[in-house]
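What follows is a single chain, given as structure tokens, in the form predicted on its own.
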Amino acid sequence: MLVDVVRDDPTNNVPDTVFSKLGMQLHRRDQHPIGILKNAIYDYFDKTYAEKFDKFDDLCPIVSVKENFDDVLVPADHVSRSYNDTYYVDAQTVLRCHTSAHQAELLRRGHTQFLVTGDVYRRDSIDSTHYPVFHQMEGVRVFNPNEWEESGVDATSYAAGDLKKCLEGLARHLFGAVEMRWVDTYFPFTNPSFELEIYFQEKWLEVLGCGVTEQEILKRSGKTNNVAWAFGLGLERLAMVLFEIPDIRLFWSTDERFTSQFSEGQLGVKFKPFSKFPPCYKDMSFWISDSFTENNLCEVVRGIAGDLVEEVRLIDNFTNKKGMTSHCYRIAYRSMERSLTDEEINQFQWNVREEVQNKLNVVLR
């Protein structure tokens, strides 16, 4: 399945650092924080809905452009379709950007209540909370007309009410008796759309996005008379809060000082830091071209330094009288597990400078 990725297609923009993560499936490891959190959410749905929800956690992350975008009504000109944001295997195939890529197919196959968990892929910035591979869970519930007709409220209000009740219960299951609030938002595939925020550790935290499924999605799946809700949540985002994990790169660590801290079924064990190694900062300035994007820069840096790069941050930006724009980026190198040598870091930085100049059409200063 995963070994069939077309590596030599001219439209393929999947780097080795991302390709190597395919099939690792952290969400299926019961002693890993991501797997522990997934199972805790499963427990909530099993108890609340008496195992009515079908669960999928092994669907292939390589999907068609149609499944990833068209089937969930992402507009043709939406920025997420660009090569700057999405990993393309070839012109018609991508690494899924969200677990919603499976929603239409599962509806067509007759599933009406289901949870989909999986690894998802996006080209993104580099810092402690962003990584090109992360994990999501998607939930969908479909209702029949007799369910809302008996309640005396319209279909959309019925679905929205059920959705909010379900997710408020999930938030209490994970975080305890927390204060919550609903925020109206926009997603292409739901209307109305909401985000759930909780007040946790003295600040408001966004937990998930959700809404009442657009009728067009149901109609295309042969469910013309139904109404449904859907939600999606990022497992890393919640696990970082629940386990107090300070850097998203740690989820990929195989260091025993990390992996041995977590046990099956133990939600919210507080991570004990074992790394006090200092970061090393290197600055790089260059004149940019019209085609320059920060995501492309991050991809080059990560391609050379892998998980030893902690952050890439724009620290200076100016345009001269001739209309040329210069950017200065500060790159932070740091290992979670050992001290990096000056020699290593200088080599990384030298290689980064070479690659940036060769691949990104910029002029180093």
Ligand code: FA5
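The structure displayed is predicted, hence computed values, not measured ones. Note that residue numbering begins at 1 and tracks the sequence as displayed. Whichever C-alpha set is largest while still superposing within 1.5 Å between the two forms counts as the rigid core.
Omitted from view is the form predicted together with the ligand, to which the following refers.
- Although the partner is absent here, residue 228 lies well away from the ligand in the model of the complex, with no heavy atom inside 4.5 Å.
- When contacts are judged by a 4.5 Å heavy atom cut-off, residue 96 does not count as touching the ligand in the model of the complex.
- Put simply, residue 234 is close to the ligand in the model of the complex: some heavy atom of it is within 4.5 Å.
- Using a 4.5 angstroms limit between non-hydrogen atoms, residue 124 touches the ligand in the model of the complex.
- Heavy atoms of every residue among 138, 210 and 248 are located within 4.5 Å of the ligand in the model of the complex.
- Only one segment in the set 165-173, 255-263, 288-296, 100-108 has residues whose heavy atoms sit within 4.5 Å of the ligand in the model of the complex; it is 100-108.
- When the ligand is considered in the model of the complex, only one residue from 88, 187, 143, 271 comes within 4.5 Å through any heavy atom, namely 187.
- Residue 206 is the only one of 206, 147, 216, 283 with a heavy atom lying within 4.5 Å of the ligand in the model of the complex.
- Residues of 127-144 lying near the ligand in the model of the complex, listed in sequence order, are 129, 130, 131, 134, 136, 138, the criterion being any heavy atom within 4.5 Å.
- Residue displacement note: residue 185 has its CA displaced by at least 2 Å between the shown form and the other one (rigid core superposed).
- Core-superposed comparison between the shown form and the other one: the Cα of residue 195 travels 2 Å or more.
- Put the two forms on the same core and the Cα of residue 163 is off by 2 Å or more between the shown form and the other one.
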